Ligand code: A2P
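The chain below stands alone and is given as structure tokens, in the form predicted alone.
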Amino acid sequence: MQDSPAASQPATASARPSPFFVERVLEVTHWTDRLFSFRITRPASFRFRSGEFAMLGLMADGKPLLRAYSMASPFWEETLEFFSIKVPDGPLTSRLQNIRPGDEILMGKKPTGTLVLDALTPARRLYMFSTGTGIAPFASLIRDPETYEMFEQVILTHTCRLKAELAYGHDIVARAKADPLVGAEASARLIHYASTTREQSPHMGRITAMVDEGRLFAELGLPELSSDSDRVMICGSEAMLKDIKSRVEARGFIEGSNAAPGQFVIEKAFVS
């Protein structure tokens, strides 16, 4: 059972409103020596759409040190969850990986992002392609009732180097299928395809190769990607984003946005 959210306090005592909430860490889970998730209190005024991100960070040398993190919790949950990589020399993650329950964390007040349902037109199937911590926004989307209202099937692919790095994905899928709000829909319509690139596993290889060879669709018992029946969301490494984007565009998919919904979207905030 989670602690109830604490009231947010201004980041600094100033006449000018702070651009940050100051929230409290509730829970930290270290999945591997490279990956961890954490849960924090949620400001009462904070609203977001599934798939969006917020700026998150810590004070370092008297200044806020921030980076973009997708909300991994559903939009209706009372607390906020995030999933992060650990970078030993990373300016932020080298510090963030050491947080403990009770610590304070900064969070930007304005969520944003392109990886949202509003940017897609309805279709039969939704493919969510992810690598590494790119699964975080999909952890939110697979627990959003609107996802199952828009699509008959939802296929979540998650590719990592090692089997242990897939654990968070297995956990969030299990939580979705047990969820009182969307559990019945997720159990019937959510397909989880986990694969590795370095360690032997039931599904091994780069997701781009699986798409090119048709192996992904053959193993799922589904037809190959079609802009008529499928929609695509992509989040992960920059190389994977570009590779999957080029492949869906070659199949006639048109990129969508909030202003003009289309047939695929990527999270542009994580592309340099």
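These figures come from a predicted structure and were not determined experimentally. When you see a residue number, it is the position in the sequence shown, counting from 1.
Another form exists, predicted together with adenosine-2'-5'-diphosphate (A2P); not displayed. Remarks below refer to it.
Q: Although adenosine-2'-5'-diphosphate (A2P) is absent from this view, report whether T93 comes within 4.5 Å of it in the predicted bound form, heavy atoms only.
A: So T93 does not count as contacting adenosine-2'-5'-diphosphate (A2P).
Q: Tell me, yes or no, whether T131 is in contact with adenosine-2'-5'-diphosphate (A2P) in the predicted bound form, where a contact means a heavy atom of each within 4.5 Å.
A: Judged by the heavy-atom cut-off of 4.5 Å, T131 is in contact with adenosine-2'-5'-diphosphate (A2P) in the predicted bound form.
Q: So, T197 and adenosine-2'-5'-diphosphate (A2P): in the predicted bound form, are they within 4.5 Å at any heavy atom pair?
A: Taking the distances in the predicted bound form, the answer for T197 is yes, it comes within 4.5 Å of adenosine-2'-5'-diphosphate (A2P).
Q: Could you tell me if L225 has a non-hydrogen atom within 4.5 Å of adenosine-2'-5'-diphosphate (A2P) in the predicted bound form?
A: No - in the predicted bound form, heavy atoms of L225 and adenosine-2'-5'-diphosphate (A2P) never come within 4.5 Å of each other.
Q: Of the options L115, A136, C160, L80, which one has a non-hydrogen atom that comes within 4.5 Å of adenosine-2'-5'-diphosphate (A2P) in the predicted bound form?
A: Exactly one residue meets the criterion: C160.
Q: Work out which of R42, R34, R39, R49 lies within 4.5 Å of adenosine-2'-5'-diphosphate (A2P) in the predicted bound form, going by heavy atoms.
A: Residue within 4.5 Å of the partner: R34.
Q: Within 4.5 Å, heavy atoms only, one stretch in 226 to 234, 64 to 72, 50 to 58, 205 to 213 touches adenosine-2'-5'-diphosphate (A2P) in the predicted bound form. Which?
A: Flagged stretch: 205 to 213.
Q: So which bits of 236 to 258 sit within 4.5 Å of adenosine-2'-5'-diphosphate (A2P) in the predicted bound form, heavy atoms only?
A: Result: S237, A239, M240, D243.
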